[in-house]
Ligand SMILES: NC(=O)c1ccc[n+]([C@@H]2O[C@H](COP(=O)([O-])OP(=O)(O)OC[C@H]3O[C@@H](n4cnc5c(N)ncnc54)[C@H](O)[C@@H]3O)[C@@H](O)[C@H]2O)c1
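Next comes just one chain, in structure tokens: the form predicted alone.
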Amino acid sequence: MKRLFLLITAVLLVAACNNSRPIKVPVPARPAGQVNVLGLTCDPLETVRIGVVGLGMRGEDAVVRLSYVPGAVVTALCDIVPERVTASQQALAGLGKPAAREYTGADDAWKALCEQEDLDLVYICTDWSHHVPVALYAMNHGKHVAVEVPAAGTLEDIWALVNTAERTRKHCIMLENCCYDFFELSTLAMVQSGAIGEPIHAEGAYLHNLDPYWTRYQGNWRLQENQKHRGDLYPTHGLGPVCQVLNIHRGDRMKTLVAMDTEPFNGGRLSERLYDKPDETFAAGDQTCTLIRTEKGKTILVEHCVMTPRPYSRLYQVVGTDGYAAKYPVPMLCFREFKEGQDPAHSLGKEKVYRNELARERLAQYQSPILTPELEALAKEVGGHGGMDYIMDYRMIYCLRNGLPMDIDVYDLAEWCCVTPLSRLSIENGNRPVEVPDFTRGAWNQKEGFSYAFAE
């Protein structure tokens, strides 16, 4: 009996030990003839000729924004719905721009657009299921690609984008606009100035009640993504800016993650409420949390919640050894400073905190190198989430015109998107840790620190 007890105990200890070890996620060997494209530069383009695929909520606005970017011209429009193409043509005409070629009517009309020879960039704003097929086809036909978020939702698709970008040596950019929000830009500049010491922890999220929007997605595709898939389905808005702060694949890398979710309390009832079709197999939890540890021992918390009335937030918090910055619920900065005459030894809870306008005034001391007063004013006039969409487009076109590396490269795309399949893997294996693949295949520490490229 004692031997049986010892045997059972040993088995349980081994099982517990195995369950605590991270799930290994293989990194496929780089195909022969490919090399990494860190810092990829291509021949400068005096004019960037753009084809926009998908003219729904995001694409139609992109056509207008791009029309204001110096050196950019929209030469092709594609959508399965002909009326959307017509609407974008009318927008171009209203701005005094020439008509673009039209591709519409068929689900694969985008292929003919990608095959168009006088085209430099394919700008992809489709539903998520078309992101990867269009991007791969475009790169294989000699085009740079810019893909709306999230660019990919499976490891297979992510690796396909990485390998195709490396093989074709074409830019594969993810359109992560939140990296260009004014608060995030200034915070990055502040961190890089050393004002908060060493950044050691960061938080990002997508907390957005989508009740007013579900029915606006053609064919209910976004609801279906949540019905079918578990995990953090939309991590990049929160993750992108903090990865730049933490220099991911520019001196550090995401090493392991662990995720957990709630039950789909609201999600399970959503289908019945909207479409009179109850769904007892709804996959996505109402709330998903993912905790990531980097190679250098720093941490990232990412949250996703689109099913509750929780107020909109991307969290965006950066914790440093000597300071702190947060955007939500109100702008706030805190530094290792104390009021005059205050005894630091008895200062618990009395740190110098800047909130709201005081925080904005302090943060204004740290100007992003990519922002000029003229660009900021034009961005706010053109719009797109307060201007950050325009700055994103402007920077992309600026880099293409000057033959510079992109602010957001294919490895950023891979790292920020991989949280979706890896969080799912962790959750479905009892919240077990999961290894994060090195999508650079060993080059994550070849460059030290995130930086923007500029023409000489």
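The model shown is predicted, which means the values in this text are computed figures rather than measured ones. Throughout, we count residues from 1 along the sequence that is shown.
What comes next is about the form predicted in complex with the ligand, which does not appear here.
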Given that the partner is absent here, state which listed stretch (130 to 138, 274 to 282, 352 to 360, 297 to 305) has heavy atoms within 4.5 Å of the ligand in the model of the complex. 130 to 138
Is there any non-hydrogen atom of R169 lying within 4.5 Å of the ligand in the model of the complex? no
Is there any non-hydrogen atom of F265 lying within 4.5 Å of the ligand in the model of the complex? no
Contact with the ligand in the model of the complex for G56, defined as at least one heavy atom pair within 4.5 Å: yes or no? yes
With the partner left out of view, is Y217 within 4.5 angstroms of the ligand in the model of the complex by any non-hydrogen atom? yes
Out of L95, A377, V81, A99, which one falls within 4.5 Å of the ligand in the model of the complex, going by heavy atoms? V81
Quick one: from L161, L185, L175, L119, grab the residue that has a heavy atom within 4.5 Å of the ligand in the model of the complex. L175
Looking at the ligand in the model of the complex, is some heavy atom of each of D107, W110 and Y234 within 4.5 Å of it? yes
Using a 4.5 Å cut-off on heavy atoms, what residues in 366 to 395 are near the ligand in the model of the complex? H385
